[in-house]
Ligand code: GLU
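Next up is one chain by itself, shown in structure tokens, the form predicted alone.
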Amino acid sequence: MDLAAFVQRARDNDVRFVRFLYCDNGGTIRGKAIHIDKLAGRIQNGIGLTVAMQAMNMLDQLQSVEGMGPVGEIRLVPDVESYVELPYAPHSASMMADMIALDRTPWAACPRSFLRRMLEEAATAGVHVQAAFEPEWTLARQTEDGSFAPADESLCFSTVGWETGGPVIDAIVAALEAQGMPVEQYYPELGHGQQELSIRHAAGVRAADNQLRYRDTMRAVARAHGFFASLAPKPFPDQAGNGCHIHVSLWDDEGNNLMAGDGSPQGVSHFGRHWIAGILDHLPGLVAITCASVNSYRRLQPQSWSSAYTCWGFDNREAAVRIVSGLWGETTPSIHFELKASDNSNNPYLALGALIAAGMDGVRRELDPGEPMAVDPFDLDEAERTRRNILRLPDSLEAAVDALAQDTVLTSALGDLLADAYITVKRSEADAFAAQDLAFELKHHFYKF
């Protein structure tokens, strides 16, 4: 690319600072910004970052991880293809950054590089991944005493919710579209003040990049309109939780849908069934990555439409893996799956990468997911769930991290350094919140993600 011309275009658009962004093991979006006068050099050479940052938890408590202490540095090197100017931040733009070691190779603890590696392994096997993160979030106001309250008491899909959030939602849509993220649907959701606004799917790494941009955009635009946007899994204990379902479609080298029926039952291909079985097999450990906070497990409960069991089904919203109905009149099958056991506290690069690792393991081992679930799994007795190999998912972050630590497929995919750092950070978060009360938990999750 013509780097000088790239920088000049940014300068012509009155950009003064460009943020180099990443998402850490605590799920926090972090980064450093460079002035436009120094941008060209930093695109080529990166910005220095201490290796210790990947051992920081969501409370900014630095953990002891071998290789992530006070000695050592990496570089944040931006992906120029991810450049966008930020409509909610005057004179600012951003790029997603990779963590690069001083020898110019991807650092072993870089989440974005991990996802890229999983995508490349899948592509080598002839599998190409399209994905979309589907966030739910809560529009709230701050009260006189400093606490938060839902912006309204609207009912699910009610037009009253449109009246409350109309101006801010309109501004959010404009901001998303300005960053190249076309909006698909919007509606007020079940909880008071709860919103769902979904964007179009994208290929691989771009899908995870979009989730970071989405989170930043919600918060910034809502604040500009006098609201707070909480993407916490359970910002209000007495209201519906906020999920962030991950929609995934799988395609071969010729552009054929790999999940579309090949004579197998229910119209899901044998490949698709193996992939689903891999996810279900690894889900107890996988949720430590996709439901990544202490607050996540207040949401991940039976009969709350958050999918608390290892089962799959067609349009079953209590199944962890939902097969989504195809579109009417389609020429190319749109069949795909949705992982419901996921929320906004996760690092989307780790979540999507681990999801791919689990699915590919199911394909390699030709696992069988069993029969699709056509009822709420909670309504089955324990003996029937056992017969069908349907497990209750971990009920705490601590239990989920223990399951992840024992899952050699997922930890091997992550690699030693990233797995060690992630598990250490998450165990530290579980311990820190266990020593505090509910008010502390809600305070430190409400506006974190």
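Just count from 1 along the sequence shown to find any residue number. Since the structure is predicted, the reported quantities are computational estimates derived from the model, not experimental observations.
A second form of this protein, the form predicted together with ligand GLU, is not displayed here; the remarks below concern that form.
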Interface check vs ligand GLU in the model of the complex: of Asp216, Glu121, Glu196, Asp376, the one with a heavy atom inside 4.5 Å is Glu196
Only hit among Gly241, Pro135, Pro111, Gly313 for heavy atom within 4.5 Å of ligand GLU in the model of the complex is Gly241
Counting only non-hydrogen atoms, the one stretch of 218 to 226, 296 to 304, 281 to 289, 359 to 367 within 4.5 angstroms of ligand GLU in the model of the complex is 296 to 304
| Just to confirm, Asp209 within 4.5 Å of ligand GLU in the model of the complex by heavy atoms? | no
Looking at the partner-bound form in the model of the complex, is Arg273 within 4.5 Å of ligand GLU by any heavy atom? no
- Would Arg317 sit within 4.5 Å of ligand GLU in the model of the complex, counting heavy atoms only? yes
Is Lys340 near ligand GLU? Define near as a heavy atom within 4.5 Å, in the model of the complex. yes
Of the residues spanning 357 to 389, the ones with some heavy atom within 4.5 Å of ligand GLU in the model of the complex are none
